[in-house]
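Coming up is one lone chain in structure tokens, specifically the form predicted alone.
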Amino acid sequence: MLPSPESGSEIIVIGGGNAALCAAMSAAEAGARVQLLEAAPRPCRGGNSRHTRNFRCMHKAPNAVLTDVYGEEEYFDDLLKVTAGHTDERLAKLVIRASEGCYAWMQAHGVYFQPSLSGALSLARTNAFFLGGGTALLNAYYRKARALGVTILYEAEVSHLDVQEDKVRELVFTHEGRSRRISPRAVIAASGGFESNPGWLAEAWGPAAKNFITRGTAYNQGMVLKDLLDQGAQSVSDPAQCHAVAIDGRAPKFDGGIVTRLDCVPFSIVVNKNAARFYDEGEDVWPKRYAIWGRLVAAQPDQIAYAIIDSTSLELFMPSVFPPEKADTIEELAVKLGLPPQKLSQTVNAYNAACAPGRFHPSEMDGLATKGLTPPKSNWARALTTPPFYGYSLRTGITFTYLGLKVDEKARVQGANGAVENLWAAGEIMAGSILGQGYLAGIGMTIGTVFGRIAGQEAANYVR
């Protein structure tokens, strides 16, 4: 039997992913009575966290799965590069420093780690991979949360938080076909962004949004975020900023997950539907550039692009979930992809002519660049001359949106007149403070873990 939503919980956690569970466990360990409201049904629980594989972790020495050293200064510098400085330095450094202790905390809560996957963005030094991926992490956290006394409701969708005089007075949600109202002493919002809400995406992106694919959960509609913003909660970032990557154009509309991402771009040339290149495929190492390609594809006609490689590159990246189109000539490949054959041939020939001799090194920036080509290819520029040739269609795949709630160092939500007394936020719903634009592989899980723990502890302190 499902627990009753009127069972005397002091803290309500909205959401069912990594941040929500970290908050729920931390609050329960501090002695609070906690209930978690997950909008998704049980088989789909966990939001985008079930599609994750790792988190980015500061460390001063190697350990069982992390190599070498990854310090605060380098971590912050990496973040500055991908965000172009659009980050709250206080909160960013708080996350970075706290990430060092997350590894042991996660292990203590049932998470197992494994060495970096081969071909997985070259992250062995910076990111700790979960054994069994995000689903295994979530299963461990749900077991631990239940053991700590956290009650969990599935298919419990929150529609309204009644905020009056800078305090949440009532929470409204639906469950089992009924509308319910409760008055918890504290609330933690960890319900994600609005990437699954096509209407809201269209407001930000216009007609292009109809061609976007949501890589993760179909349940992140942004209802809690919109409700709080409409009541004057302070916001961070803007609606058009998001974690958007280039994914296989054949991916499903929702929940395709990380396997739909294509990592072939650095070793390819990428063209739009007119068979024209439009950006430097070798600008930097893939972990620092893979998250810009969703926006680049979104700016192309019909929001589609195509990555072209030859047989020398087929084994250099994580295999795709869908097989590529294959042909013995560039012209034949163009026909299979629906591209103008003559134009694609001209583009490939111009690229090949611009490639220069040099040392090719697939796992690091090798300086093997084109000469006299616009746009250039700054690294890994090898001529496409060895058949068979392969092609992948690329679409914009949105993972999560960055428009979110402004919080302070204690994860407390900032309202129109200052902090909301009994409301905290964690995870994607507040990550825009740190990710004003761009993305750094694995940092989403780090933000959720750090701020989830903070929010849970602070909410428990409040009710105590």
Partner chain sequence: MSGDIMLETRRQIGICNACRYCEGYCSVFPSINLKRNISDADILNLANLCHNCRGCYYACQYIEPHEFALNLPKILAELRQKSWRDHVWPAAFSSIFHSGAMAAGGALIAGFALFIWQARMLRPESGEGFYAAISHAMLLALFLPAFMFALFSVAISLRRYWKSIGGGRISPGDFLFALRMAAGMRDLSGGHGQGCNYEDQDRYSNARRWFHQAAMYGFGLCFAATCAGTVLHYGFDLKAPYALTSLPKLLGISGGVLLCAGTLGLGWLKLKADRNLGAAALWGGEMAFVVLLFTVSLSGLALAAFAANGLTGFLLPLHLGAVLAFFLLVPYSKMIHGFYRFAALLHDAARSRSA
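For clarity, a rigid core is taken as the largest C-alpha set superposing within 1.5 Å between two forms. Just so it is clear, the model here is predicted, and its values are computed rather than measured. Positions refer to the first chain, counted from 1.
Not pictured, yet referred to below: the form predicted in complex with its partner chain.
- Proximity to its partner chain in the predicted complex, defined as a heavy atom within 4.5 Å, holds among Asp255, Asp227, Asp248, Asp284 only for Asp255.
- Proximity to its partner chain in the predicted complex, defined as a heavy atom within 4.5 Å, singles out one entry of Arg395, Arg50, Arg56, Arg412, which is Arg50.
- Residues of just one listed stretch (396 to 404, 416 to 424, 433 to 441, 35 to 43) have heavy atoms within 4.5 Å of its partner chain in the predicted complex: 35 to 43.
- Although the partner is absent here, Asn352 is not a contact residue: none of its heavy atoms lies within 4.5 angstroms of its partner chain in the predicted complex.
- Contact annotation for Phe113: at least one heavy atom lies within 4.5 Å of its partner chain in the predicted complex.
- Among heavy atoms of Thr151, none comes within 4.5 Å of its partner chain in the predicted complex.
- Though the partner is left out of this view, Leu117 does reach within 4.5 Å of its partner chain in the predicted complex, counting heavy atoms only.
- Contacts of stretch 320 to 353 with its partner chain in the predicted complex, defined by any heavy atom lying within 4.5 Å, are made by Ser320, Val321, Phe322, listed in sequence order.
- Fitting the two forms on the rigid core leaves the C-alpha of Val236 displaced by under 2 angstroms between the shown form and the other one.
- Core-aligned CA deviation for Arg181 between the shown form and the other one: less than 2 Å.
- After superposition on the rigid core, the Cα of Phe212 moves by less than 2 Å between the shown form and the other one.
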